[in-house]
Ligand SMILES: NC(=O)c1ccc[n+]([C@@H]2O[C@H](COP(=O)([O-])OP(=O)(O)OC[C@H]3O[C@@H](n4cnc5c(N)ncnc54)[C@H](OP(=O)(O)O)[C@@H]3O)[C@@H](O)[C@H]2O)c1
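In structure tokens, the next block holds one chain alone, the form predicted on its own.
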Amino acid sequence: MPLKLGFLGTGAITSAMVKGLCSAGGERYAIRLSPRNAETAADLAGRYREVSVATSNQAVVDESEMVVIAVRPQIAEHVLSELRFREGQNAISLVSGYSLRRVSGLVAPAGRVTRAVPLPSAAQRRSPTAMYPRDEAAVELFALLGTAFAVDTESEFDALCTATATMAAYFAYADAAASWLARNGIPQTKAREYVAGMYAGLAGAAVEAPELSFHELAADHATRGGINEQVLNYLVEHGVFQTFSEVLDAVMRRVSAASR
């Protein structure tokens, strides 16, 4: 029998998780969606036979063994305070800034509570998902969506959450390279395609060589006297990476304060 999996909140991450789970095959989960975002919920239910839309948030909780809480932090406490969970349920919170203790209090008496941060790449089953604490059912779920990274402390979890704050900057960096190419005569669509392919290849190289640190990979790609070394040295000399580290420290302080 498939495990009954419910989602409170039907936004982008819920949509990505559902698409990834349904593409994994095997029908391991019978998925119930919150009706809150009716258009998205109806689209997913129409696309996948293992997905259906519940009549209310309470119905999602009542009809699920595992409940994924994917509502915005601004409304999470209000939403959860109106719901009745039961003993034996597994609650997985994707709510940014809500500590394990805070979520546990809101979903009591559900005794198995996990925090997790799946990424949009869950739709392609390529998400590295940070989670705390380790729960085997949650690990099994997120392993279907990529790789489950279970850590031992909430501080470690907060650090992994902080690292996700670099995603927008990554695309801005890629945009800077593509825009420079466009200014130098490369058609914009070709510039984007070229930069995306180049960085995809670099990501693949890192995944395929886990024995090499990123520092070692940078050195391998910075031929002495070459143009990669020139760019790298310029960025180092102008404190770009130091600034990058400092802003991550600031984000970590924000994440940790919100989790307390």
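In this text, residue numbers run from 1 along the sequence as written. Since this is a predicted model, take the numbers as computed values, not measurements.
Quick note: we don't show the form predicted together with this ligand, though the next part is all about it.
Although this ligand is omitted here, in the predicted complex all of Ala12, Asn37 and Leu94 have a heavy atom within 4.5 Å of it. Among the residues Ala123, Ala130, Ala178, Val71, the one placing a heavy atom within 4.5 Å of this ligand in the predicted complex is Val71. Between 63 to 71, 45 to 53, 224 to 232, 208 to 216, the stretch whose residues reach within 4.5 angstroms of this ligand in the predicted complex through a non-hydrogen atom is 63 to 71. Among residues of the shown chain, Val79 is one whose heavy atoms approach this ligand to within 4.5 Å in the predicted complex. Interface membership of Ile75, defined by any non-hydrogen atom within 4.5 Å of this ligand in the predicted complex, is confirmed. Although the partner is absent here, Val103 lies well away from this ligand in the predicted complex, with no heavy atom inside 4.5 Å.
For the chain shown alone, Val117 is a contact residue for this ligand in the predicted complex, at least one non-hydrogen atom being within 4.5 angstroms. Along 209 to 247, no residue reaches a heavy atom to within 4.5 Å of this ligand in the predicted complex.
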